[in-house]
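One chain comes next, on its own, written as structure tokens: the form predicted on its own.
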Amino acid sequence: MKTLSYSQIQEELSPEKLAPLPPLNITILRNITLEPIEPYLRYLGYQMGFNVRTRFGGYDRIFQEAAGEQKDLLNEETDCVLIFLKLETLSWSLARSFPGLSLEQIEVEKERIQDFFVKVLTGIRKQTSGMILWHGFELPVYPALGIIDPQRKAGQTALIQDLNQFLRDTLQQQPNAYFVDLNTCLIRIGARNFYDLRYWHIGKAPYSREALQEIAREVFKYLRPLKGKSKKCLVLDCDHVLWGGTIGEDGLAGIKLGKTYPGSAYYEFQQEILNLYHRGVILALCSKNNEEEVWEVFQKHPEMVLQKEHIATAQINWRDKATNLQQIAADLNIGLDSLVFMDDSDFEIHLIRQTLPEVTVIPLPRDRAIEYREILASCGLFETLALSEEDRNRGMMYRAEAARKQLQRESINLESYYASLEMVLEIRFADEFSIPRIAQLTQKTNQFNLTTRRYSDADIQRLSESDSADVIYLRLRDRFGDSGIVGVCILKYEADQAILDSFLLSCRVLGRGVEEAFLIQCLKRAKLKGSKVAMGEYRPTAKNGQVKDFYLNQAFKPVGVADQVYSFQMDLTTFTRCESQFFKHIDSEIDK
């Protein structure tokens, strides 16, 4: 986020711009003055496509608000609860008069605070299933016992670390609740910039404007994946980005890349990129170059961290980069708004901003390559709330997809192609192992998603335990590998109706008859539950136009349109459809 003044933010956040955006309801519970953070939250929300509405609890009334019924603060419309507890307000003795306390007094106070954590968290969760972000205590800049403090297990620093660890463990036992480490924000900007002692003494407002901006950024690293706004693919230029110099002019031995300066800046940048790859981010190249020269660097340069196997797709040619980025999105079957493009050329950055505004661009300053790694690490665009096995294997899955496309080109017809894939479908009900991935799919899937309803782990857990709903997932394997969990259907039952609340598939597996087979399995489940009619919805978004006619193509009958929601129905009393024969095997729990 570029640094903006309050007045600049207000100019950006005009009512006309915010009015059409969906709301993002944030409640803030605190024992400090924190109102100045609101403009930063609203601005970041606007950048992400939301109209942030903040509600502040009373000063130092967290316990009362958590224990009591606070419908105006905590309810099912609450998307996120932010909790800020300053140790000085919660326990002055631990924060500021620590050396005078006995070990017994410290232990008593510690247990009191831990009990406070548990009661507040339990109280909040009773009132809302929204995300909880609890900000931990900052470590003391000047520990109470001086240089001795870090040496002692009973020191103030160790005590605060223990309290934070207890809080972290307690939050992990609650779904959709996370520990936010304020110390990372403090380290980034430094203690002298993080605190504003004037406003602390005047109004118990400890944090500077710069700190509040950094904290707001940290908060949105959690909200971005919650709202399905995390990016999927990092697209990189090569010359002056992955290595210093121009391969076509400097040659393999002349480019700058290695563990010593100046090549170390590019080496560290590549390591950061590889870390993203291992977190499930797809990597692609978009470079104006001779293709064979680029791949020669990947294959022969001894200091290359990235290898060709890490790259899912590449457009290395002399066409304009806008065309190439569109081709990359098409190859990966993802939307342009899932791409992040990094380049050192002002011309290319400007071109993409003008022609493909959906693509997020990150300009790299060519004369400051030493900053590349930090620019990428700090962007916060690729965050996820969980790291699944599918994430770790995503690069391999996309390479397998390229092999499937090659096989398709060589096949005589689609039926023979599908049969040659040797596809095995697994249809299962949600369990403790699959819930994080299911929630992640509802948060990230945009294109083949009929309703685009976003759910947290807690939501999926609750639905899976309900007698009036089923959460069903699809896993796909074929001769090229295991694609993991790639489809989700949430069925809700009302009287003799089964409502398809959510039906979505990863775009990686579309075009193989999988979506039709999965729907048939879900309709069979609805019929077995005694439903006579299945109701489907299509809720249009900017990205899911490809599924507008999905239910019509599956023999559903249109019912009507209300509030831009298209409704369809299927008579289950006469439903007898079966899956296509080209699947090698369908292993289903539906009728077991």
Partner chain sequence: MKERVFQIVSQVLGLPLDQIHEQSSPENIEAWDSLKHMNLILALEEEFGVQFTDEKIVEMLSVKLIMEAVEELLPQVKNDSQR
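Positions refer to the first chain, counted from 1. Remember, it's a predicted structure, so these values are computed and weren't measured experimentally.
There is another form of this protein, the form predicted in complex with its partner chain, and it is not shown here; the text below is about that form.
- Although the partner is absent from this view, residue 199 contacts its partner chain in the predicted complex, with a non-hydrogen atom inside 4.5 angstroms.
- Proximity of residue 10 to its partner chain in the predicted complex: non-hydrogen atoms within 4.5 Å are present.
- In the predicted complex, its partner chain stays beyond 4.5 Å of every heavy atom belonging to residue 549.
- Using a 4.5 angstroms limit between non-hydrogen atoms, residue 209 touches its partner chain in the predicted complex.
- This chain is drawn without its partner chain; in the predicted complex, the residue among 545, 36, 58, 68 with a heavy atom within 4.5 Å of it is 36.
- Contact with its partner chain in the predicted complex, defined as any heavy atom within 4.5 Å, is confined among 58 to 66, 554 to 562, 45 to 53, 27 to 35 to 27 to 35.
- Each of 5, 40 and 205 is positioned with at least one heavy atom within 4.5 Å of its partner chain in the predicted complex.
- Along 453 to 482, a non-hydrogen atom within 4.5 Å of its partner chain in the predicted complex is carried by no residue at all.
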